[in-house]
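Have a look below at one chain only, the form predicted on its own, in structure tokens format.
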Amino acid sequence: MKLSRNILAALLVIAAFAAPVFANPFQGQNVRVVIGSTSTAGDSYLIAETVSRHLGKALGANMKVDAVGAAVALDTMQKARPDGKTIMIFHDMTYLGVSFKAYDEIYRLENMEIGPRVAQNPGAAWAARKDAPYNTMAEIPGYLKANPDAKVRMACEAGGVSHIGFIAFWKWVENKYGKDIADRIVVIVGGSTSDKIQLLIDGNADVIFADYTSLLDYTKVDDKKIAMKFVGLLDNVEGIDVPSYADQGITLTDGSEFRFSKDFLIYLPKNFPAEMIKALDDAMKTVSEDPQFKGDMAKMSYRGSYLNSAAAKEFIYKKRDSLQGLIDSAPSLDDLVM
């Protein structure tokens, strides 16, 4: 039986409207979310777990966080197939490790695809034992000046956010108090948040770097063995009375403010399909507007700060490039290690 031209045209129009405009390529899929930390107590895990829980619902996917550490996570992005089954959620160490030459050039941003920005953490913090003879980072050089035989040992991670926070502080001390004082601020290379906490408790470090939320409980106890106090944040956190570098007058060499919030993005294997990146963009935008997601992030002093993948790529490239001058002017971490 032959169809008339009018009937055939009508059937084609109906079929066109009946077909989905964009099928969800993640629907029903298991997604491994690698992160650059082995700790489940720090911001990398807490943010990735919260985002994955909400984003998985929006995508109809089963997303599970795998805390493998920075080296493994970056390597995974070079080896994983671009099929949506493996993605990475990580912060600025993704590019800082290469900028500091702690990681090979193969791991540079250009060898990955950039997905949406999913969160920010302004609460990157330095903490000391509660009985330390200084209450802020800015008081440390004064303490060293008054105690010529003293040193301050600061635990941070090579190529990480703590490294950029440390050299900004060290350069400020050198510029304002002289190299003799700055040279008595030395580095203890730490690993995960748990490792650095243990360094402080054991008396093997005087100041440690970690996420504000992960250290908060230690600032509320009276036990002298574990009690801590915050001595500075890299940026201000709304509603939290801990002074930032800017509040303490710790500036860059040219006198400008130094502020640094960690930006968490989704990173993807090279040649990740455009339709899957769009699905991540659309789903993350929906998640970022969900009051429950906003509330979950706020409880941990984090914030959503969604950017789609195109805007996130432009943002993170500019941020990387803006820090290179500071990195190039700083002494090697090897020269600062105790």
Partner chain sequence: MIDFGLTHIIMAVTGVVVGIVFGALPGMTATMAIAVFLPLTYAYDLHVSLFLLIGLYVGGISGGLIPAILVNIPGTPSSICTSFDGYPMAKRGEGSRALRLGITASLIGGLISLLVLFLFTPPLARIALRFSAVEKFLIILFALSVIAALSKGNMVTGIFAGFLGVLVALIGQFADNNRMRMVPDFLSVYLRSGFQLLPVLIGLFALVQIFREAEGGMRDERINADLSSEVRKFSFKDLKGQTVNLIRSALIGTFVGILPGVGGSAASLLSYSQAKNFSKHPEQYGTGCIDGLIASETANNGLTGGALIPLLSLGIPGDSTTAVLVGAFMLQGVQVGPLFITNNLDLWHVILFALLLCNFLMFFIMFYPIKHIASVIRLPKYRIFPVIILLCVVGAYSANNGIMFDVWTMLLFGVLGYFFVKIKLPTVPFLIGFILGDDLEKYFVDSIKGTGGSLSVFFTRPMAWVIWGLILASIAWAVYDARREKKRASCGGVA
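Computed from a predicted structure; not experimentally measured. Residue numbers count along the first chain shown, from 1.
There is also a form predicted together with its partner chain; it is not shown, and the following applies to it.
Query raised in the report: Looking at its partner chain in the predicted complex, do all three of 80, 262 and 309 come within 4.5 Å of it through at least one heavy atom?
Result: Judged in the predicted complex, none of 80, 262 and 309 sits within 4.5 Å of its partner chain.
Requested in this report: Have a look at 309-317, 49-57, 265-273, 278-286 and name the one stretch with heavy atoms inside 4.5 Å of its partner chain in the predicted complex.
Outcome: Answer to the contact question: 49-57.
Query raised in the report: Wondering, does residue 214 line up within 4.5 Å of its partner chain in the predicted complex on heavy atoms?
Result: Yes.
Query - 4.5 Å heavy atom contact, residue 184 and its partner chain in the predicted complex - result: No, residue 184 sits far enough from its partner chain in the predicted complex that none of its heavy atoms falls within 4.5 Å.
Query raised in the report: Can you check whether residue 153 is within 4.5 Å of its partner chain in the predicted complex, heavy atom basis?
Result: Although its partner chain is absent here, residue 153 would touch it in the predicted complex, with heavy atoms inside 4.5 Å.
Query raised in the report: Does residue 30 reach its partner chain in the predicted complex if we count a contact as any heavy atom within 4.5 Å?
Result: Close contact is absent here: in the predicted complex, residue 30 is far from its partner chain, nothing within 4.5 Å, heavy atoms only.
Query raised in the report: Which of these residues, 161, 237, 167, 188, gets a heavy atom within 4.5 Å of its partner chain in the predicted complex?
Result: Flagged contact: 188.
Report task. Could you tell me which one of 109, 246, 72, 252 places a heavy atom within 4.5 Å of its partner chain in the predicted complex? Result -> Spelling it out, the residue with a heavy atom inside the cut-off is 72.
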